[in-house]
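A single chain, nothing else alongside it, follows as structure tokens in the form predicted on its own.
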């Protein structure tokens, strides 16, 4: 039995929880009725555009906006960065205009004259010898005695070079918002954001820095639906402040959504990560030493320091050095599982190389060293590796490096494991039970497309004994009770925790009203199958509507908070993935045959949306492993592929078969709800790299694994 009234139901009493339930907003989205920020078009709306800098590094020497100001249809011109400003990347914002049409905005930008002094720049960081003083040592750690470990005459030492390129977030809906500064002095924005509750405060702070007087309480942000964020949409950004300024200046609602090229150039990117790695091990596979010298770029800001050795953090005798390279490529942002995909590539590829040198099966090498992983996940990793191997038919298809079968098509398998936190964030909700039997749930959360609305509806419906469609979920508005930003895979734990507690308190209030009619104490009641009944006795019951009718004209309201009484979630999950690929040694093309994922995330609220998150992560992983790259030109400093023609993404024919197994039951469910959005996107890069190596017998050192790189690797000593 539950130890606390807020605890999740025991396995036999979960009803809706853990079932595969359709998204509550599925029909709205698939029919095109979902209203995104881009779809908000109030009467009299103006269109905003921004003039951007064409140079990677420059200083503004002169500016003339007079011709644009005189153009018919131009209602406002706002200088964002004045003469004297130093620009650090191509695409940075210089001047904004607000006009009566998109065409007028484009015409106005062409009339603005800006002159620059061009300055030296660096846009590619893989060759560290060319970085000069842009390369700055940022971390060095030593533990144990790595020198001795690598001098041990009995040690087997593997050395390799590995890397992951800069990629952009490439959201389906570009960044931006629509702002409407009302005559009463209040501001409302419809923003594409991952942080509905926090955005008004951020906008208020940004406006006050621009000498615009407004209180945070006078700002409201709405985001009913968002076309992707992946970590890049936590703040309003400069354009979110600019559009509000333009609305105040013109007295009209103004929309400023980035064009696709701008979005790919400056709206965020995942930092790169390259490294030279040595690993030492005993002949039985026990790892005894780690030595890595890594570097990467996050533009002009920090690039992060990926956690290597990844997962097996307890490897003894470590020496780690990391160098940050400042480049003029635009800012970096959190990208789904920040730093972890890069760390997985460096670690899992290095361990795969060690396994090859030892003549070991790489899965057996991982299991041999699993005690170096966090203790709470060790058993899970063993079970996940075994399950993934079973589903991928590892024993049938894996082989020592280099597929020796005749012909130019070579098949290989690769493996990787990963981890993530995922503890639920702070969340507050308001549950209302009305006399007509309707139930409303309000909270200032957001649904990134992962199923937040559905998780909330299931949690409340299960608690109140109602069908899912008996709960009206209201999110996406900062006017609702505050809930955390959707980052770090914290949302499902946060909103399920707050709504579980709030729904139980609301239900208990209803029990207190209904109990006299059934002649029992409130503690003797339960709510199941749309009825309030004496526990275990359906003959003594009222229908849900009959029970709610006893409220008269009163509405029950209860607030739920996370964290709160009772532990409803935890932190720390693991997963194992196996990639099965075929490589054409004549063309260099890599084909994904199958991607297998075994993943835990504690107690699952909705199996369908949980599996969907893993399917999406695998798709994203194939894309960043084989196609995505922010291509920067050394000569001009500009991005060469800021469009959907040349910024390559995987198509449906590139994905292959996806197999997902969620680890549930004893040992998993009792941990409560833990976030899932990020962990399954971590391992695909490493697993695919290892699978390609297994197929052709030689390492393609960096992703994306393009045909050119495959052929180059083969030419350096791979299979004929």
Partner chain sequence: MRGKRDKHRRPPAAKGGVTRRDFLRGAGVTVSGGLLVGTQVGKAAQAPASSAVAGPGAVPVTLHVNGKVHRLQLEPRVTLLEALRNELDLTGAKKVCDRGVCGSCTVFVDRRPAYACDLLAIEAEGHQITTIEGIGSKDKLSPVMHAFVEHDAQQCGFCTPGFVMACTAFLERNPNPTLEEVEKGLGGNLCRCGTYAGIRLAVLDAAKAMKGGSHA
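Numbering follows the first chain given and starts at 1. All values reported here derive from a predicted model rather than from experimental measurement.
Omitted here: the form predicted in complex with the partner chain. The next part is about that form.
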Fill in: Listed range touching the partner chain, judged in the predicted complex by heavy atoms within 4.5 Å, from 406-414, 355-363, 610-618, 469-477
610-618
Worksheet, complete the sentence: The one residue among 372, 150, 161, 627 placing a heavy atom within 4.5 Å of the partner chain in the predicted complex is 627
Fill in: Among the candidates 400, 435, 73, 228, the residue which, in the predicted complex, approaches the partner chain to within 4.5 Å (heavy atoms)
228
Worksheet item: Contact between residue 47 and the partner chain in the predicted complex at 4.5 Å, heavy atoms?
Response: yes
Worksheet item: Can any non-hydrogen atom of residue 643 be found within 4.5 angstroms of the partner chain in the predicted complex?
Response: yes
Worksheet entry | residue 571: touches the partner chain in the predicted complex, heavy atom cutoff 4.5 angstroms | no
Discussion item. I'd like to know whether residue 589 contacts the partner chain in the predicted complex, with contact meaning heavy atoms within 4.5 angstroms.
Written reply: yes
Discussion item. Is the partner chain in the predicted complex close enough to 26, 30 and 653 that every residue in that trio has a heavy atom within 4.5 angstroms of it?
Written reply: yes
Practice prompt. Just give me the residues of 4-22, first to last, that have a heavy atom within 4.5 Å of the partner chain in the predicted complex.
Written response: 22
